[in-house]
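Taken one at a time, structure 1 and structure 2 that follow are two forms of one protein chain, written as structure tokens.
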Structure 1
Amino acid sequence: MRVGKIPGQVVRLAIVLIASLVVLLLVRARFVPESFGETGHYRADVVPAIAAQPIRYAGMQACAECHDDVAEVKASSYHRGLTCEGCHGAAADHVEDPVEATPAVPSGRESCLRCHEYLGARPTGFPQIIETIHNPMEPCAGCHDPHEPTPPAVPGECSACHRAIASTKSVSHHWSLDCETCHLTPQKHRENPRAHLPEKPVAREFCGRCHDRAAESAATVPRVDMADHGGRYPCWQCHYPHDPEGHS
């Protein structure tokens, strides 16, 4: 049986594949460490290299062995999720020699502002301040115990935690409305916000109390026929409640 001639495209494809394989082998030999893949998808030599580095951090458990009173207070506070060394720095040396090696004790405002300076990207409800107007020049620890940072007095305004929303609302047509005009807020929300959430409007009729043509509100309030305007959709599909004129 006569075998036909191998097509040229097959030969060219074979040459490309062989050349690619050679290149890959050369690249692996030049750039991939010899120990790569011995114990997993990583360079095995890195494990003893990391293990040889000096230990700098002790961990919260080591801190609690001596500072059990502070650890107990912190465990039930808003800062319970923070490690001790997040504020006091690496403390392995302090654990080894508590007298000679003392951890840092933040005394200024900078450490607290790393988390609590106003930043719009932070989660809503996270306590934030504008540093220049919140007790300027005063140390945070003067009012807040770092291990139990609950404010000495319950914040009187929602903006203490909802800074981003408050800033948006302050330049909108809803600037004069108190937050509790729309949000029924239990008093305990100010003491334990996550356990006692405020209520939010769920029906378009709520907005109609002010914005329906038949509503008894100020003449300057924009009015619509709630029976026709927007159909069955809730108002906040088009109008952001904290900046209602910013959407169309």
Structure 2
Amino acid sequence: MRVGKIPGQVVRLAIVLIASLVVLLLVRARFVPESFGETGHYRADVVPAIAAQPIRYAGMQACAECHDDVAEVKASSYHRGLTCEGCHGAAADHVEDPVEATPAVPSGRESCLRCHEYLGARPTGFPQIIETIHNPMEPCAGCHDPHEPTPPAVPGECSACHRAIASTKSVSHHWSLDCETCHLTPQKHRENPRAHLPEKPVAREFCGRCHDRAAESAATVPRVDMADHGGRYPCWQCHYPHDPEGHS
């Protein structure tokens, strides 16, 4: 077997090679998925298939269509940003069949504490309680309507909300000072905290009222010469007022 000047062994090899290449190409043409490569290097068909996956969370709007009364109350409460299914669980099945599938109604304290138990890492100002001292054993819903959770009575203590600051201050040299000593707080802050913010002292002279050499305060209060101590910096650049000397 010899074709022109090509040696016989090469011809034989070429036949085997070409035969296997043809088989490979045929197989490829047969098995590549039809929609592959239409929009990129993937099966285009899979995108609508993934988009067709059933939903489990119906979304707040779906809830409001029937429960418009609750939705209305909630919409003007502190819980307005909270979706219904956050507490009641996924409810797409309830939307489909309101009789057969009923969403859970959480009771007790557990589900509220998930958000409102005091954690140091939670942002300042987010309402938090310490479970063991905040009306222990009382179900939350006894005092707070979950759809309008504004406390029935305004908080008595600043620490009800500013737990982190209160606990820091309680072991600092400023432990004996009332919050009101430094923060002039409008009464309305207790009812609507974000709308009526307390004042924060900014001037050096404010601290000087106790810490200046000439100040009329107890002898145990540390004194500095307000004229040259710390140069041009405001006091709180170096001294955190809730823990002025550091705690360690």
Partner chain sequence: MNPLYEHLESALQRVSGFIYPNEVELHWGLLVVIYPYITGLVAGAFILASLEKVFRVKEVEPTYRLAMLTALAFLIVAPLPLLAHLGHPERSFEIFLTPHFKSAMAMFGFVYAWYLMVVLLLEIWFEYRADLIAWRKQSRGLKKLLYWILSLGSKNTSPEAIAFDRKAVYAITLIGIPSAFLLHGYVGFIFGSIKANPWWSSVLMPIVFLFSAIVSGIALVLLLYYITSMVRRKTPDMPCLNKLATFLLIALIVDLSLETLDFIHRLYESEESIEILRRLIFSKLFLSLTIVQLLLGTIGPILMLAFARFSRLPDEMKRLVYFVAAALVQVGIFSTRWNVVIGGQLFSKSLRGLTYYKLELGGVEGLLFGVALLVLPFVILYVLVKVLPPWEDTRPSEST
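Only the largest set of C-alpha atoms that superpose within 1.5 Å between the two forms is called the rigid core. The shown structure was predicted, so the numbers you read here are calculated from the model rather than taken from an experiment. For numbering, take structure 1's sequence and count from 1.
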Exercise for the section: Of structures 1 and 2, select the one representing the form predicted in complex with its partner chain. Expected result: 2
Practice task
Classify residue 198 as shifted (yes) or not shifted (no) between the two structures, where shifted means its C-alpha moves by 2 Å or more with the rigid core superposed.
Solution key: no
Practice task
Any chance you could measure the C-alpha shift of residue 38 between the two structures with the core superposed, in Å?
Solution key: 6.2
